[in-house]
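Shown below, as structure tokens, is a lone chain in the form predicted on its own; questions about how it binds or moves come after it.
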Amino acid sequence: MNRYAIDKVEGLVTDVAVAAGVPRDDAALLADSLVDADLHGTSTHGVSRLNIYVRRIQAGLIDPAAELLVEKRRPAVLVVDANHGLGQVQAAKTLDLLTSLAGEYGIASATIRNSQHFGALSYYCNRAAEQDMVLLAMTNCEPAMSPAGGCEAFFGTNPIASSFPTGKGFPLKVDLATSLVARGNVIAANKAGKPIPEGWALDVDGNPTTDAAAALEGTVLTMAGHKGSALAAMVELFSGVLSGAAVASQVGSMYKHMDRKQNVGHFFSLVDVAAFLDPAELRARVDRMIDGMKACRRRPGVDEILVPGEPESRKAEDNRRHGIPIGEATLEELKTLCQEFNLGFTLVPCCD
């Protein structure tokens, strides 16, 4: 897989989004979020998603210039309607509003409805951590996972995430789907024509499958059995039910439902660290916790204990030096988009 310069990829993604009708500032934010996912090794939520966003804009299912509407507010609570705008753009704008409120009240929360798939939750959590704030983020997703004992897609993979600031050069970040694996991994395998490992998914009849296409028609499995199913239900309650968005099986599919909007829901709760503890003291305490984790006696064959967020930080450091990898299928989609919008395809492989 060839690698490409980060600034060149961001520039091309921005230009394509602008050509699709996205205001330039919003297009730059979208590009930043997608490239950030690739940078940290989460390519399933990166530039590979641009094509489907543009196709949904063209189908009238995403409003590329939607206004963010705050429908209700209390001093530290926002009820937000994303107006079917780009998920990344509307979520980042909501986070900006919460940042001001959390700075005043110590904690602030928001629900968001009428949104879309909005990429990696850690993108927003890490942005908060850079400002000495802690964001707890959740979102529901298009149906992909059955409740425990079922074999019909009902819940999305319903991720939950949070990042804490540290003095280690990276945030201590937890960002996990409530499925055994993120559905994006199955989508990527299907796009590449590759099988998936045993134990990831069931087909429509409830049988284990290694066929990515069959898995997409069936259901991925929950993490930790019934516990993952319960956690998925909790995320659905906060993100879908509480927000007024679509709930579980009613969420539109980004790929299958090109005739209706997604109406995804999100839940954000933002904590200003300074309301509880001096930020420097918090970072020092988290650092001591990290040091303690890494000092634990290791299992046989383990050279180093890595803490949540550390592998992604190392991946990002490597990708900053060498460029981000982009697969052939995504490159072909980018070339097609450039042709459609009469844009020059400017990406060339790079190395140092």
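A residue's number is simply how far along the shown sequence it sits, counting from 1. None of these values were measured; they are calculated from a predicted model.
The protein also exists as the form predicted in complex with another copy of the chain; that form is not presented, and the subsequent description refers to it.
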{"property": "In the model of the complex, segment of 83-91, 162-170, 208-216, 251-259 with a heavy atom within 4.5 Å of another copy of the chain", "result": "162-170"}
{"property": "Non-hydrogen atom within 4.5 angstroms of another copy of the chain in the model of the complex for each of 27, 29 and 118", "result": "no"}
{"property": "is_contact(residue 201, another copy of the chain) in the model of the complex, heavy atom dist at most 4.5 Å", "result": "no"}
{"property": "Heavy atom of residue 193 within 4.5 Å of another copy of the chain in the model of the complex", "result": "no"}
{"property": "Any non-hydrogen atom of residue 179 within 4.5 angstroms of another copy of the chain in the model of the complex", "result": "yes"}
{"property": "Contact of residue 280 with another copy of the chain in the model of the complex (heavy atom, 4.5 Å)", "result": "no"}
{"property": "323, 64, 41, 308 - the one with a heavy atom within 4.5 Å of another copy of the chain in the model of the complex", "result": "308"}
{"property": "Stretch 216-244 - residues with a heavy atom within 4.5 Å of another copy of the chain in the model of the complex", "result": "221, 223, 224, 227, 230, 231, 233, 234, 236, 237, 238, 240, 241, 242, 244"}
